[in-house]
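Below sits a lone chain in structure tokens, taken as the form predicted alone.
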């Protein structure tokens, strides 16, 4: 028990060092985006355009298949898909992070958490680009934003950012040790897209299936706490508590992984 607490403390100190020097990983995240879209006229906006096309195409089919109102389905799906794109990319990219930054890891003394903060931040910046689509959708469909967006959704975005980074640290370490995990996570995220209430509403499920796909699905609560106020609806009563408690849990687990495996990473590269 003492050893575990010591490892968690080491991991927490790693986080503190990263947050004391935010310019390091912030600048690296910015450079990642700049290099990724080098010589591109629209840069990250190409991602937003691709999301717009997906929303337009699916919105012509799925409302009829699911017998949903078009004016409700489009903003419901668009907001959910933009959020999912942020979650999914942050998680899948984390599985190759330590391999991607191998050279830098061997030559510098940057805290382990900073490497994943770099990945999480660059995906968050792209999310902010895509969030313009959310604003347009809310305006076009005349949605009255619930005031809980300010008091619940904005703090939740910060908590989700920390959760994504914590999950990314665990997956980055596991994926470095077990290289096949990269493909497994990519496939799993594709499956989770269909079983998470993004393109369908939880009301269509009954009984045990709803409990498995909704009540025990952390992604549902992440999406619910942001999407519902934007649609002028009330947030699930437990969403904020679950988002907060899961963030604390993920953070503790990630600190434990940093403290326990940081010195072994160099031998796995």
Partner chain sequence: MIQIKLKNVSLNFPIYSEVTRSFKKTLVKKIIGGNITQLKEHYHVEALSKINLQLKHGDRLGISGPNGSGKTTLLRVLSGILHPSDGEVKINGVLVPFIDLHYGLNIEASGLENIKMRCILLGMNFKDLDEIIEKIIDFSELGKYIYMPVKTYSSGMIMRLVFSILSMIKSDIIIMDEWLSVGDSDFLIKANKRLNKMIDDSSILVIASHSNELLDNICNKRIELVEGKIR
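Worth saying up front: this structure is predicted, and the values here are computed from it rather than measured. Numbering follows the first chain given and starts at 1.
What comes next is about the form predicted in complex with its partner chain, which does not appear here.
Proximity of residue 31 to its partner chain in the predicted bound form falls within the 4.5 Å heavy atom cutoff. At the 4.5 Å threshold, heavy atoms of residue 216 stay clear of its partner chain in the predicted bound form, well away from it.
Put simply, residue 72 is far from its partner chain in the predicted bound form: not one heavy atom of it is within 4.5 Å. Mapping the unseen interface onto this chain, residue 162 falls outside it, with no heavy atom inside 4.5 Å of its partner chain in the predicted bound form. Exactly one listed residue, out of 167, 198, 176, 121, brings a non-hydrogen atom to within 4.5 Å of its partner chain in the predicted bound form: 176.
In terms of contact with its partner chain in the predicted bound form, the residue from 104, 150, 191, 132 that brings a heavy atom within 4.5 Å is 104.
Residues within 4.5 angstroms of its partner chain in the predicted bound form, judged by any non-hydrogen atom, belong to 104-112 and to none of the other stretches in 104-112, 151-159, 133-141, 79-87. Although its partner chain is not shown here, in the predicted bound form the stretch 24-50 places heavy atoms of 24, 27, 28, 31, 35, 38, 39 within 4.5 Å of it, in sequence order.
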